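One chain follows as structure tokens, the form predicted alone.
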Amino acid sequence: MRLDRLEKGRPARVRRLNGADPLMEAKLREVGFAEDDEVEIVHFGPLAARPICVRLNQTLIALRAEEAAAIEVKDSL
């Protein structure tokens, strides 16, 4: 499942970064995304639910829709 499809408040783990753009994948890794990290959607923005605010290992990060779509997650339960 992609991060942009995850339910708000449902914890998950990063499975892999699946960006078609290597630059985007590098940017996501630079801000802290890595395999097996815990992630959770905290808030959706007011305009078409964008940007997406996620908690990544106790840090809040705002993502664009295309960035969130490049992150594959798995259920952490």
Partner chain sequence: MTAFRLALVGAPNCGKSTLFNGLTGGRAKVANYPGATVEMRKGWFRTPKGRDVELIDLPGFYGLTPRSMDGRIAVDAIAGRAAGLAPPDLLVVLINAANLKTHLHSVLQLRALGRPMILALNMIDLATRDGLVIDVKKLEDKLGLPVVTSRAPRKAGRAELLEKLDRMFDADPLPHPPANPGASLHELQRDARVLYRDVIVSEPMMNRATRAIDDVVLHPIAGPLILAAILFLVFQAVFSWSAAPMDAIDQGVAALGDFVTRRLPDTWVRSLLVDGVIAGVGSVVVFLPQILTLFAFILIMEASGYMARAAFLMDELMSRVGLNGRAFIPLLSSFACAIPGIMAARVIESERDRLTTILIAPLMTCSARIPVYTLIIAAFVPVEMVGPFNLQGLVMFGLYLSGVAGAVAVAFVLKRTVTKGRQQPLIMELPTYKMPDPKDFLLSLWGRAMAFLKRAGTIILAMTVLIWFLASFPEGASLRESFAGRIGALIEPILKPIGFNLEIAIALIPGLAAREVAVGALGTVYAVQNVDASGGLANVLQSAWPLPTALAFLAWYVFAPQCFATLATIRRETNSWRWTVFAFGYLMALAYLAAGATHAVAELFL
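These numbers come from a predicted model, not from an experiment. Positions refer to the first chain, counted from 1.
There is another form of the same protein, the form predicted together with its partner chain; it is not shown, and what comes next is about it.
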Checklist entry - Though only this chain appears here, would V39 touch its partner chain in the predicted bound form if you measure heavy atom gaps against 4.5 Å? => result no
Item to check | Partner contact for N57 in the predicted bound form: its partner chain, 4.5 angstroms, heavy atom | outcome: yes
Checklist entry - Should A12 be classed as touching its partner chain in the predicted bound form when contacts are defined as heavy atoms within 4.5 Å? => result no
Next on the checklist: Residue-level question: is A69 within 4.5 Å of its partner chain in the predicted bound form, judged on heavy atoms?
Outcome noted: no
